[in-house]
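Just one chain follows, in the form predicted on its own, and it is written as structure tokens.
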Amino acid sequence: MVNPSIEAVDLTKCYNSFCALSDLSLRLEGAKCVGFLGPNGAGKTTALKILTGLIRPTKGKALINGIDVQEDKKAALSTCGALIETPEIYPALSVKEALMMVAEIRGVPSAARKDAVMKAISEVKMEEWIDMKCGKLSKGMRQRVNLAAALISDPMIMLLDEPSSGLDPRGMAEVREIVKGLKKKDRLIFMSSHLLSEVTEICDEVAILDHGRLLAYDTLERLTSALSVGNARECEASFSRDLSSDALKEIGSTEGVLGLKLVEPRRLILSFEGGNEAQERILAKIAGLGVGLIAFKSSSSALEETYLRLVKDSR
């Protein structure tokens, strides 16, 4: 299988004197999830629309798996699934009927359509609602249908434009879980968002955009580490059971730990110094305590600090 790739080369989009995107150059390659962060109006949706051929750039190139989207849109996008903004669904159609129509439009052979639809429905966990009319679905459920439509051709690349935007907390959580599931299928996912906690939870790497210009692109860990204040860093640890006071004392006494904040009985924010070596030591200490450690990652507050500093400096 070809290693999936997305590349923007000096992408620029201007509307008269206003430039929504300015010389964006970015290459993403391999199976991973990349968060595309930026304030409203930063140019995220413009970039995604150019990558999916919905609008043409003023200059520059958009490449999918090395194929220029403007020169051969069909070939470039044949391995892509996209959810840009919030597409409408015919309310009178059932979930299955709507997705069968999408499969036909996408050119899925008639003999393979039913299997393709059922596979997409399974990925977004909508088997229970397959015969329900789309007009009777909640907004979160309709967004699941939109995600299923993007998955009809079993794409190796997914381009998602704020997929949880406008949903209630339950709907947002459901969409996040679906996107996490997409990561397990060796796909390259490029997802714009303005929710820092969402990006921290889902994404492996982050690209930050403001005023149409790329400010930074790196792994979440390296980005927050490089721009942390002084030598202090933050990570979030999650546990399968409530932490005892004794466990908190043991963790707090670990070399390099500067402070602890128990935000929930099973979720802890640690501030520490000493770089990757210290993080490795702290992680090994917590794991050795046998207190049910199930996750250890950069905290959303660390990304927030990095994001706000970068955006502030760009203004």
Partner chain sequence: MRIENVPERAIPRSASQLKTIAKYELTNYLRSRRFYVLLAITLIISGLLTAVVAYYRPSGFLSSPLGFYSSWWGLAVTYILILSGIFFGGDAISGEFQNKTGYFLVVNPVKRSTIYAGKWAAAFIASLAVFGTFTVVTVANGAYYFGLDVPYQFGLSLAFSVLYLISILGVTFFFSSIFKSGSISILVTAILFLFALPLTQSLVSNLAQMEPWFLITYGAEIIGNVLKDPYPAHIVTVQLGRVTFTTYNAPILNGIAIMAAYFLVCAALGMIIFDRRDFS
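Throughout, rigid core stands for the largest set of C-alpha atoms superposing within 1.5 Å between the two forms. Computed from a predicted structure; not experimentally measured. Positions refer to the first chain, counted from 1.
The form predicted together with its partner chain is left out here; the points below concern that form.
> With a 4.5 Å heavy atom cut-off, would you call Gly30 a contact of its partner chain in the model of the complex?
Heavy-atom contact with its partner chain at 4.5 Å: present for Gly30.
> Report whether the minimum heavy atom distance between Gly107 and its partner chain in the model of the complex is within 4.5 Å.
Residue-level check for Gly107: yes, a contact with its partner chain.
> I'd like to check something about Pro87: if you look in the model of the complex, is any of its heavy atoms closer than or equal to 4.5 Å to a heavy atom of its partner chain?
Looking in the model of the complex, residue contacts with its partner chain include Pro87, since a heavy atom lies within 4.5 Å.
> Is Pro91 close to its partner chain in the model of the complex, meaning a heavy atom pair under 4.5 Å apart or at it?
Yes, Pro91 lies within 4.5 Å of its partner chain in the model of the complex.
> Check each of Ile202, Met156, Val175, Ile121 and return the one that places a heavy atom within 4.5 angstroms of its partner chain in the model of the complex.
By the 4.5 Å criterion, the partner-contacting residue is Met156.
> Looking at Lys73, Lys114, Arg222, His211, which has any heavy atom no more than 4.5 Å from its partner chain in the model of the complex?
Partner contact (heavy atom, 4.5 Å) among the options: Lys73.
> Of the listed stretches (45-53, 285-293, 266-274, 250-258), which one has a non-hydrogen atom within 4.5 Å of its partner chain in the model of the complex?
After filtering at 4.5 Å, what remains is 45-53.
> Using a rigid core superposition, assess whether Leu93 undergoes a CA shift of 2 Å or more between this form and the one not shown.
Superposed on the core, Leu93 moves its C-alpha 2 Å or more between this form and the one not shown.
> Please determine whether the C-alpha atom of Met132 is displaced by 2 Å or more between this form and the one not shown following superposition on the rigid core.
Yes, shifts by 2 Å or more.
> Does the distance between the two CA positions of Ile84 reach 2 Å or more between this form and the one not shown, the core being superposed?
Shift of 2 Å or more: no.
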